[in-house]
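Form predicted alone, single chain, as structure tokens, below.
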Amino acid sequence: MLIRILGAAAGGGYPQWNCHCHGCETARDSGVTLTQSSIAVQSADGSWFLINASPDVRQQIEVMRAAGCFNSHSGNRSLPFAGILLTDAEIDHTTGLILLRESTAPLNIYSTTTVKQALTSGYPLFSTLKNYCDVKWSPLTPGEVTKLTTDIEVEAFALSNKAPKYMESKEAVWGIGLTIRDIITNSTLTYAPGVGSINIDLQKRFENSNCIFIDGTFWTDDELPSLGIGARTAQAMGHLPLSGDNGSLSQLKSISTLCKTILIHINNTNPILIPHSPERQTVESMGVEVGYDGLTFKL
């Protein structure tokens, strides 16, 4: 399977339009930009699957088209994705759906029932799309395997019970990760853009993968409060910080030697985005990659 990062940044992108932190100002000076979190996976038959539909999806599709990713199309206004998989109901992972409303066929969307309910009532994108291209929904159930094509299957697994701000429930599984397997090449990608903790089961899942995309949102737990631009800590927002004795990097030491490890969903305040920063050097010295828009490789 072919894997491509469409957007490596967390919600708001990089630089974020209203932020003047050191990272955002550095990005503006250098002209570096990252769009909001999303990846795409292509099967052997040429079918592309979009994983999370960010507010930047239109731009991301055009970049893919310019790179020659779409060799053919079935109609003048056909959607270039055979399906869209959602890992949660967060605004930065779902707003792009409304930008795809001009599709001439219903959007094939895979998600948990919790996400479906949220996008039908709390943030009614599904309800709105019914009056445009419509939605064809398929369930993603943690612990179960879903076949996407003859050679690609996906297993959802629970990651978080943190509800989006627009929903009050905290009891259900809201965030999931995806383990995507290529049956032909016997290769496995695990995608986990929102990780609050790494337990034994998740660690084993990572160890059994050929490549992992993992939450790289914040460097420290108090990143936003220390900059005076937010009151909540990283863990209060459902993200395990990279640094510290219990941070994800310390827990990834053994894993990063076993499989390709790439950080995604990186917040604009995270200093790993600044080239040659001590934090960036720490990450790279461990053999961990900092994801970027357009990174493409085969498994």
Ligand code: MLT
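In this text, residue numbers run from 1 along the sequence as written. Just so it is clear, the structure is predicted and the values come from calculations on it, not from any experiment.
Below, we refer to the form predicted together with the named molecule, which is not included among the displayed structures.
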Hey, in the model of the complex, is residue 223 touching the named molecule, heavy atoms inside 4.5 Å? no
State yes or no: in the model of the complex, is some non-hydrogen atom of residue 181 no more than 4.5 angstroms from a non-hydrogen atom of the named molecule? no
My question is simply whether residue 162 lines the interface with the named molecule in the model of the complex - judged by any non-hydrogen atom within 4.5 Å. yes
Look up in the model of the complex whether residue 237 has a non-hydrogen atom within 4.5 angstroms of the named molecule, and give yes or no. yes
If contact means any heavy atom within 4.5 Å, which of 112 to 120, 204 to 212, 137 to 145, 89 to 97 contacts the named molecule in the model of the complex? 89 to 97
When the named molecule is considered in the model of the complex, the residues of 262 to 299 having a heavy atom within 4.5 Å of it are 265
